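Single chain ahead, written as structure tokens, the form predicted alone.
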């Protein structure tokens, strides 16, 4: 049993929730990251968690960016980046996740560091979230896709979304089965990652409502 499978148990989810908080417990250092060790139980390590965590490399995956007509290698971005996972038909959690990321983008534009950060919201609903849908969703969410730092990512298929979003990044999602399948939704967990320019995870914000001010503060430290 690999660590992702193991940590899908209820016990492990409890551990993960307790360990996903931000903030520093002590001065534990990691040569690969700028931020200090997250506030979590002393006996829990990043290797124990069901998602890429502090000091670990972001998964070695490449995903299409339909609005840019290119593929993004997430380990080779070369600048600090934020990742989250969503589907555009969501009416609950996803708008909050994307809004938090959008608020950071707005801050980057206002404070003139937009070229020094990248944003990668990744859909786990490639059947409906295509380039046209991304454009409409960006308008709805007041995202500036012309800024050059916001890149919607879209796995090539449902199976690819499972393998990348759920198995590599630890974001679980399950499609509902309504009578009208045109109206299916997803039950899903929520994660937002701050990754440094070398491709290491600085923070994994395990929250359905990540605090943009906290992310901006952490990002400022990572950029310094």
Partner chain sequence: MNRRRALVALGGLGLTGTSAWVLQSDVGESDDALPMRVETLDAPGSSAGGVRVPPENAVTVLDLFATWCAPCEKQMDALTAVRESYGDEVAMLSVTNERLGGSLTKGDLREWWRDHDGAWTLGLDPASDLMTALGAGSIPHLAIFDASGEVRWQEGGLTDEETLRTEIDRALREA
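Computed from a predicted structure; not experimentally measured. Residue numbers count along the first chain shown, from 1.
One more form of this protein should be noted, the form predicted in complex with the partner chain, which is absent from this view; the next part is about it.
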{"query": "Option touching the partner chain, based on a heavy atom within 4.5 Å in the model of the complex, out of 116, 73, 130, 144", "finding": "144"}
{"query": "Residue among 174, 182, 69, 41 with a heavy atom within 4.5 Å of the partner chain in the model of the complex", "finding": "174"}
{"query": "Contact of residue 178 with the partner chain in the model of the complex (heavy atom, 4.5 Å)", "finding": "yes"}
{"query": "Close approach of residue 156 to the partner chain in the model of the complex, 4.5 Å, heavy atom", "finding": "no"}
{"query": "Distance check, residue 93 to the partner chain in the model of the complex, heavy atom within 4.5 Å", "finding": "yes"}
{"query": "Distance check, residue 151 to the partner chain in the model of the complex, heavy atom within 4.5 Å", "finding": "no"}
{"query": "Heavy atom contacts to the partner chain in the model of the complex at 4.5 Å, residues of 182-216 in sequence order", "finding": "185, 186, 187, 188, 189, 190, 191, 206, 207, 208, 209, 211, 213, 216"}
{"query": "Cα-Cα trend for residue 180 and residue 155, given that in the model of the complex the distance shifts by 3 Å or more", "finding": "farther"}
{"query": "Direction of C-alpha distance change in the model of the complex, residue 178 to residue 91 (at least 3 Å)", "finding": "closer"}
